[in-house]
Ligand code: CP
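Take a look at this single chain, the form predicted alone, given in structure tokens.
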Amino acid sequence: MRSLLDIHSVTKNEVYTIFNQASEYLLNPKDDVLVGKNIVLGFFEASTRTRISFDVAIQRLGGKSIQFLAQGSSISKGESFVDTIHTLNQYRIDGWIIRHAYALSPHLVQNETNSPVINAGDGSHQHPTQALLDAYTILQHLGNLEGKKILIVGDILHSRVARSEMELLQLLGASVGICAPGTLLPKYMEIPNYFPTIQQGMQWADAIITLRLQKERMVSGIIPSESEYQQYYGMNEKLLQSFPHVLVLHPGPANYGIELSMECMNYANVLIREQVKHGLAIRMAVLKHCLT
């Protein structure tokens, strides 16, 4: 058994093993590999897609999920993160799925419990299963990722998704481009291919991953205005009609009218809902990979 703490945790061969297993689960979404296993869903940050898809994935694999939500727990009384983990670990836990606002929290859980841990998002650090499901979705449409051009647009500075995507896509042979205002770029990140506007980036790209503006992590004034951001970095119908061959993804939840317009959801090359469907299959495959 092994952990998935970040993209460094998997090899290229392991990624394709997970992809192949996910394809099997899309055809036959049931297995019994987690029968008798108790998996903690430890979500110390809010989530809809990741938490529910992991919960459903555990059930379809025959396991039992132990839900832990920070809101309403003893954390509100001052209990520490480490004490919470040790408390839960007394219940014969076989694995952990951890989301936390602080980077490297899943690593801490692994060190404290010696159990397999799957990172469901830690601060602005990593979100490996989101990267896996996005790469898998693109792969299903393009056939392979070798030499393909993938543009990541938006709030790179605060995005754990962006960091995981860049590592994984390059591991699989794709070229990665970045499109973002300078205030939303990390100071010391090596930028492979930079485009100042989304329109210029679409002329280059085979697929685009638009990111959510993470307002909860932003300081005031980091972007001039939401309308100006939308003008230079937002997806809209006009762009989709001009570049119908370019695939468009978004990890969700989307701020409609900023990162993309609601009308974009009607276009066949916008794969946001397909990402959600693939997310369940990928997370089932990751659970099997890590816990059996």
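A residue's number is simply how far along the shown sequence it sits, counting from 1. Everything quoted here is computed from the prediction, not taken from an experiment.
Not pictured, yet referred to below: the form predicted in complex with the named molecule.
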Original post:
Out of 258-266, 228-236, 63-71, 41-49, where are the residues with a heavy atom within 4.5 Å of the named molecule in the predicted complex?
Top reply: 41-49
Subject >> Option touching the named molecule, based on a heavy atom within 4.5 Å in the predicted complex, out of Q126, Q130, T210, T137 >> reply: Q130
Original post:
So which of P253, P244, G36, P29 gets a non-hydrogen atom within 4.5 Å of the named molecule in the predicted complex?
Top reply: P253
Original post:
Does the named molecule get within 4.5 angstroms of any non-hydrogen atom of H158 in the predicted complex?
Top reply: no
Original post:
Do R163 and the named molecule share at least one heavy atom pair within 4.5 Å in the predicted complex?
Top reply: no
**OP:** Indicate whether R99 is a 4.5 Å heavy atom neighbour of the named molecule in the predicted complex.
**Re:** yes
